[in-house]
Every structure is written in C-alpha cells, then in structure tokens.
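One chain comes next, on its own, written as structure tokens: the form predicted alone.
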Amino acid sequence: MNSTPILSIDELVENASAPDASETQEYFINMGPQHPATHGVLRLLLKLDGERVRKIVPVLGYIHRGIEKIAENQSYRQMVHLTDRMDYLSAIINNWGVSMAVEKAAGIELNPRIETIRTIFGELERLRSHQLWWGVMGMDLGAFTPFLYCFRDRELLNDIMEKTIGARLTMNYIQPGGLMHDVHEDFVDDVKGFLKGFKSTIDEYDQLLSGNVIFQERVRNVGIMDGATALDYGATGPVLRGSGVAYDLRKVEPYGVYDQVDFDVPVGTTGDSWDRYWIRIEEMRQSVRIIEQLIDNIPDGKHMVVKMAQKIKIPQGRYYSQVETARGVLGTWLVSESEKKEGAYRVHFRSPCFNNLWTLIPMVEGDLIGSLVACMASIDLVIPDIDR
C-alpha cells in the first residue's frame, strides 16, 4: 500500500515538527466527537499546517455497543434485529445479509415470492438511504435546501414501508426463512405511484444541487483516489466504483432476483468527490429501474418457508455471506461449534463504513479542511456501522 504508516495519537504529537524561520507552526485540532459533519460520534484528530491537513487519525469506539458479542448469545432469529442498529439507513439490506448467511448454512431454500419481495425492499431501502445522503451532503457544503427536499421525498417512502413493516427507521422485516409477514394490500399501488413521481424528482435534485457552480467547485478534482488505492484500503460500494472499479455484488455475485433484472452499474472516471456523488445519483435511477421491472411481477407463494416458531440450527463449521448495501459490501461470518446449539459460537460483521472511513487518509492529507468535509460527505459514513 502506497501510504505512510498510521501513527498513534501519542506518536503523532511527539513527532510534531518544530517550526523554523521558513515554516509555519503545526498544531492539532479535534474534529468531533460531536462535530455536525461527522454523521455520528466520530473523532478525527487533525494535524494542521494553517488550514492544510497534514495527518488524519480517526479515533473510534464512542458508540461501540458490542453487537457481535450480543449476537453470540442469541438465536439465529433473535440476532437479526441487531443488524438494523448498525447501518440504520440500510437496515433491511443488513437484515437480508445475516438472514442469507443463516439460510446458506442451514440449507434453507426460498421461493421466488420471498426473493422478489426482498429485492424490491432492498432497492427501496437504497433509495431512502441515497435520498438522505444527498440532502446531508448539500447541507455539509452549506446548502440547506436539499436537506428539506430529501426529507420531503423520503417521508413518502417511509409511509409506504411503514404500512408493511410497522417501523420507519430501524426496520426489521427480513428473517431467516422468509419475511416477518406478507406485504400490505396497498403495497404495489403505493410503490408504483411513488416511482411515477420520483423519476422527475431525481431530475429536480440535479437541477437544485448537481449543476450548482459552487457545489461543483467544492467537489470536482477534490479527494481524488485511484482504483488501486481504493482496493488497498478495502473500499467497496460507491467509494470503490467512484474510483473506476466496476464491482457491485448485485452483478458479480447476484443474489435475490438481481440476475433476472436489467440494470447498469455506474462507474467513475476521475475518482474524485464528484464521481462519488454522481454515482449515487445514477444509482437512484437504477433502483427505480429495478423496482419497475419487478413490482408488477411478484410471484404467488408463501412469505415464509419455515414455521415462525421453528428453531434454526446449522451444522458445525464456518459460513460467510455478503450483500451490497447502500454504502458497500456487508459480510456476515458465522461460526457454528455444534449443530445442537441454536445460535452461533462466533459472529463477525464486515461492515462497509469501517474500510471506507480510512480512505479519507489518501484523499485528504495535503489538502484543506474544507476538502475534508466534502470528502467525508462523499463517502457517506454511518458511524454505528463502524463501531458496531
């Protein structure tokens, strides 16, 4: 990896250079843990030379809740709800990821109805996540109006999903073996009505923010990261695709019914904050395209292929499954010590935001504080997904 070693806070302070007549004095400033641009409880220790960032040291753990250890003391059904407390903006996709891991290990076969509904809800969740990201990115860079627009549109999706799921944020709907219950009788009509209006809404987003000359100045050629560096850091999702790497699990390792729909994977060319922004705008259009192909063709069948009260046990061994969330690859790793135990011996989640966070270092070091804010917004961090 072509980067300087990451120093501890003590080492960073000890190695601070003393100024001479030709240098300005380097100093340290804390960005967080309650800074509004950190999207959660994250602390960045910055070593600055004027307004130029010389070093970034992320300090994690302020919202750590021991989710993986808690999951090891619950059954395979009970542990699912913990995942929507990690990346709460991709709650349903997180539920899907851990449910897939359990189903793969237990040999549970799903019917086409379950797979189709899961895919539709996964793309609705991606839309909700990208809507909020778009509004927050505008607000981070000084444009408050997009934040109001994104919540106006996001509430429409919340209403639709609440009818079926009963929640508006930490949604818990997908379970090993199927779905908690079938979709609401209004679901198909509500989704079609929303999509009809949202197509023009995405164009409105472009008109309001994408083409704004001030916004363009803040993101174009800012935070450039090439594909090799992104891969070195283990970046995934729009951060990786923004650097020119066309890797999307929905295409390369299809799950659900992604292999039955036609959609494109947007890929950046420069690897800057604009590319990461543009990719998410295009992904919203692709999500609409995917849902439109499925919403009138939901197969008949049961919404659960195992009994709700049935205990799920998996053979002894190690199992891994992964899904493409709104922020990248979420991997679920399960270790079963005994087929008799209704629960995992070891659980580990490979969260996308943890790896994506560290890409701030090659993006920003040597640039200005204002660029740091733009880059953080373009990465779309959710801090509970980092700490777990």
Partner chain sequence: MLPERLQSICELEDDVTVLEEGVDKPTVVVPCEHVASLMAALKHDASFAFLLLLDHTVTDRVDDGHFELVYQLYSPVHNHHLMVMTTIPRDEPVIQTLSHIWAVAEFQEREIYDMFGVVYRNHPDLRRLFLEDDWVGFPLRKDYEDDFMLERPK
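Positions refer to the first chain, counted from 1. The shown structure was predicted, so the numbers you read here are calculated from the model rather than taken from an experiment.
Another form, the form predicted together with its partner chain, is not on view; read the next lines as being about it.
A heavy atom within 4.5 Å of its partner chain in the model of the complex is found for one listed residue only; from Ala91, Ala235, Ile174, Val102, this is Ala235.
Checked against its partner chain in the model of the complex, the residues Val305, Val265, Leu231, Ile295 give one hit for a heavy atom within 4.5 Å, which is Leu231.
No residue in the set Leu124, Lys196 and Gln207 has a non-hydrogen atom no more than 4.5 Å from its partner chain in the model of the complex. Put simply, Lys311 is far from its partner chain in the model of the complex: not one heavy atom of it is within 4.5 Å. A residue is said to contact a partner when one of its heavy atoms sits within 4.5 Å of a partner heavy atom; Glu51 fails this definition for its partner chain in the model of the complex, lying far away. For Gly317, a non-hydrogen atom is located within 4.5 Å of its partner chain in the model of the complex, even though that partner is not displayed.
None of the heavy atoms of Phe187 is located within 4.5 Å of its partner chain in the model of the complex. Residues are counted as partner-facing when one of their heavy atoms sits within 4.5 Å of its partner chain in the model of the complex; in 364 to 388 these are Ile386, Asp387, Arg388, in sequence order.
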